[in-house]
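Encoded as structure tokens, the following chain is the form predicted on its own, with no partner shown.
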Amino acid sequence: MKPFSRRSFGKKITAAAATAASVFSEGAVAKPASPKRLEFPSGFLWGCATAAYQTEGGVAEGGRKPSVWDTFSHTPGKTNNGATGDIADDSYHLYKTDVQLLKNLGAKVYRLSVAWPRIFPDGTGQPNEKGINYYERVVDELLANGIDPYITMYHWDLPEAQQDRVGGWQSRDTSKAFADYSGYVAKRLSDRVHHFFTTNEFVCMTDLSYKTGQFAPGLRLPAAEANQVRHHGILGHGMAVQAIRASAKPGTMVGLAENATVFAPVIEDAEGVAAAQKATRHGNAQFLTAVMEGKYLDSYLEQEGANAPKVEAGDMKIIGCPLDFVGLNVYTPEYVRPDDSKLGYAVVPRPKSFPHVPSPWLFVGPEVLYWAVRNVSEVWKPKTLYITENGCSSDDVLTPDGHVYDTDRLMYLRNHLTHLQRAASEGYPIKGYFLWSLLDNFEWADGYTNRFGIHYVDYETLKRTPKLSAEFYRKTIAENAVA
């Protein structure tokens, strides 16, 4: 190589710089490309979700009588700081305000629940006209603002009278009463509401309520009785599906909203995916698997032994009624790996350092949305899926200038939606997403300590303030892409 002199080297550098300047001035080199937008399919439905007891208040108005949650929350020591849903967000009176929050987001769908004790205050008997009229007004307000209501029949507010009379979900009578109530609501609202969810989260309405005592009515039943409660819960779902179809206008769609345990493979290879899907069937055997397959797995019955639920003739056919859609409430994953055990998988424990939000049960693993959709789609092949809840709690603080900078929630949502977009782009039948939640609200036994809303609620004044996450969600909806 011929050596450079300092002078010749300087001439070459000057020439190169001049050439580069010429190239840029002529526009030969493009500006850096904008990041590729993670778009969702055309017509994808964006919305929010809430539940009656968590938001409505008005517990003694319009003919409503107590639910098990009224009794439970007024029992000392059952909820954080003795919190109750007596007022909550007062959506019973402020529903028009909340509809405008949805409209400002650009939401096209809203998932809300009907309070059973507003419709049949005693669980059964004569319906309460004031109660159904209230929900007619809410539905009309939503429709007038271009928002399609998706209604959940049961989000845990069992009429206290039904609990007192027959032991609630300990009795098949409650399964039948639930079906009668669901059929009545569908008959009255299906001229305007086209999608109904039967139940919300079987494990919460059965295990947490009748086995561990964490939720209303706060019972701690032995295993055999708790398993029978589980059976009556999914039987009630199946009976409600039949009642809604028998009572509703033609074309009405019916499904459920279930927080199935989501199993994600630690390593995404063929063996890991197979292990996650084996875990999906067995790990949800008592609830979603039984509903989707119309049977209890032999492995579940063997596992429960003498404590297995007693099944009457025809029960499993009712439980397994085909659904128009499946709703999934998705928050946190379990990780699995393949192994040579009888089940073919092993759950991988989390280290203490695993990230989580203020709610101690909510570990952050954004791929959970992808695997929730993929596993359910590949194992059971439903026609349509919705994410009916997804979100997180945060230590939200309203600043003196009136803002809530919930960057942690924004991060949670952005990452989770990125994985949901992957599922949509791969062709799985995911049609919509309902963020939990529109508002901060009564978070069950946690009371008002954990805020899940994208609108901050001052529980003294009931003023609603959009958080930073609301702006993120508004832009995501407007662009139909992860903002």
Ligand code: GBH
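Nothing here was measured: the structure is a model prediction, and the numbers come from that model. We number the residues from 1 along the sequence you see.
Omitted from view is the form predicted together with this ligand, to which the following refers.
Colleague: When you measure heavy atoms, are 197, 261 and 386 every one within 4.5 angstroms of this ligand in the predicted bound form?
Modeller: No: no residue has a heavy atom within 4.5 Å of the partner.
Colleague: Consider residue 54 of the chain shown here, and say whether it contacts this ligand in the predicted bound form, taking contact as heavy atoms within 4.5 Å.
Modeller: It does: once this ligand is placed as it appears in the predicted bound form, residue 54 has a heavy atom within 4.5 Å of it.
Colleague: Is there a non-hydrogen atom of residue 315 within 4.5 angstroms of a non-hydrogen atom of this ligand in the predicted bound form?
Modeller: Residue 315 lies outside the contact set for this ligand.
Colleague: State yes or no: in the predicted bound form, is some non-hydrogen atom of residue 79 no more than 4.5 angstroms from a non-hydrogen atom of this ligand?
Modeller: No.
Colleague: Do residue 201 and this ligand come within 4.5 Å of each other in the predicted bound form, heavy atoms counted?
Modeller: Looking in the predicted bound form, residue contacts with this ligand include residue 201, since a heavy atom lies within 4.5 Å.
Colleague: May I ask you to choose, among 230, 374, 281, 155, the residue with a heavy atom within 4.5 Å of this ligand in the predicted bound form?
Modeller: Looking at the other structure, the residue within range turns out to be 155.
Colleague: Ok, 398, 221, 101, 208: which has a heavy atom sitting within 4.5 Å of this ligand in the predicted bound form?
Modeller: Only one option qualifies, and that one is 208.
Colleague: Select, from the options 440-448, 35-43, 57-65, 411-419, the stretch whose residues sit within 4.5 angstroms of this ligand in the predicted bound form by heavy atom distance.
Modeller: Stretch 440-448 is the one.
Colleague: Would you mind checking 353-370 for residues with a heavy atom within 4.5 Å of this ligand in the predicted bound form?
Modeller: Contacting residue: only 361.
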